[in-house]
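In the form predicted alone, a lone chain appears below as structure tokens.
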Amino acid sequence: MSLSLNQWTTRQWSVAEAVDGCVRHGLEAIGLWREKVAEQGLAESVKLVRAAGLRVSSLCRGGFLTAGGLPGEQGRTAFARALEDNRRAIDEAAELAAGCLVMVVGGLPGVRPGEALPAEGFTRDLAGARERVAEALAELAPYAGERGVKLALEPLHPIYCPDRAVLSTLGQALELSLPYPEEQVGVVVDTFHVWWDPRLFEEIARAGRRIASYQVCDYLHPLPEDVLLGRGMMGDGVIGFPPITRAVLAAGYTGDIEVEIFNADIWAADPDEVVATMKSRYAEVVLPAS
């Protein structure tokens, strides 16, 4: 187990800059984002990571599978496009030898992330949206398995259920993963999204080796106007990390602990200072006392 920098924490860094930053700060792993990999170029990103001797702890993100819940041809077309994009994401994860492909499954069909509800062209069928996720997994899990990629279902805090993820609890994500071999489909434990769940420790234990990624950041209070940016540096919010870390380790997780922060002030700060703070808070706040 070691510390990994999720690239979005130092959002202003390119893949090349983030890889160099990890090396300078003595980190062994990095979590990459598809947008940044596309800007750098997939082949060049692979080359940079391998030359630096880094592990890719995760690739973010696949998912957004629920648009198939729209009626008629619109839904069929959206579902086909989502499957095509996710197959590309799986191929990219395979090239990068990523520990997993993080799957943010999508919100209610027709609701766009961060935008007002459209006047028409969306559905309130939450149960149906979750069924579309299950249908997509049936298509994608074997494809991922053939390429040695683990799909990691990430439950998001319920505030994101309308537009980003109709999976809100670790238990929901775990249930969807169980029909598949654990090397094909697992789950993400992200402290920001799951810290509040009264069944969290029970579900972590039940997940066991299906935990494909452990991501940490704090939950700020009060949340900013843009709740997407309500993640803080560990120790700046309300989460008690050591019990969660202990539970994840007791469940058998041996992967990297990845720091993923969406925060406008952190994004505007000197990335090297952010990484230095991240390292100290990881040791002081995230890890259980020995």
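When you see a residue number, it is the position in the sequence shown, counting from 1. Computed from a predicted structure; not experimentally measured.
Below: the form predicted together with a further copy of the same chain, not depicted.
Only one segment in the set 183-191, 132-140, 214-222, 76-84 has any non-hydrogen atom within 4.5 angstroms of a further copy of the same chain in the predicted bound form, and it is 214-222.
Taking non-hydrogen atoms only, residue 229 never approaches a further copy of the same chain to within 4.5 angstroms in the predicted bound form. Residue contact with a further copy of the same chain in the predicted bound form: residue 54 places no heavy atom within 4.5 Å of it. Contact annotation for residue 72: none of its heavy atoms lies within 4.5 Å of a further copy of the same chain in the predicted bound form. When a further copy of the same chain is considered in the predicted bound form, residue 237 lines it closely, a heavy atom lying within 4.5 Å. Residue 124 is the only one of 147, 88, 209, 124 with a heavy atom lying within 4.5 Å of a further copy of the same chain in the predicted bound form. The listed set 117, 205, 94, 178 contains one residue whose heavy atoms approach a further copy of the same chain in the predicted bound form to within 4.5 Å, identified as 117. If you take 186-209 and check each residue for a heavy atom within 4.5 Å of a further copy of the same chain in the predicted bound form, you get 195, 196, 197, 198, 199, in sequence order.
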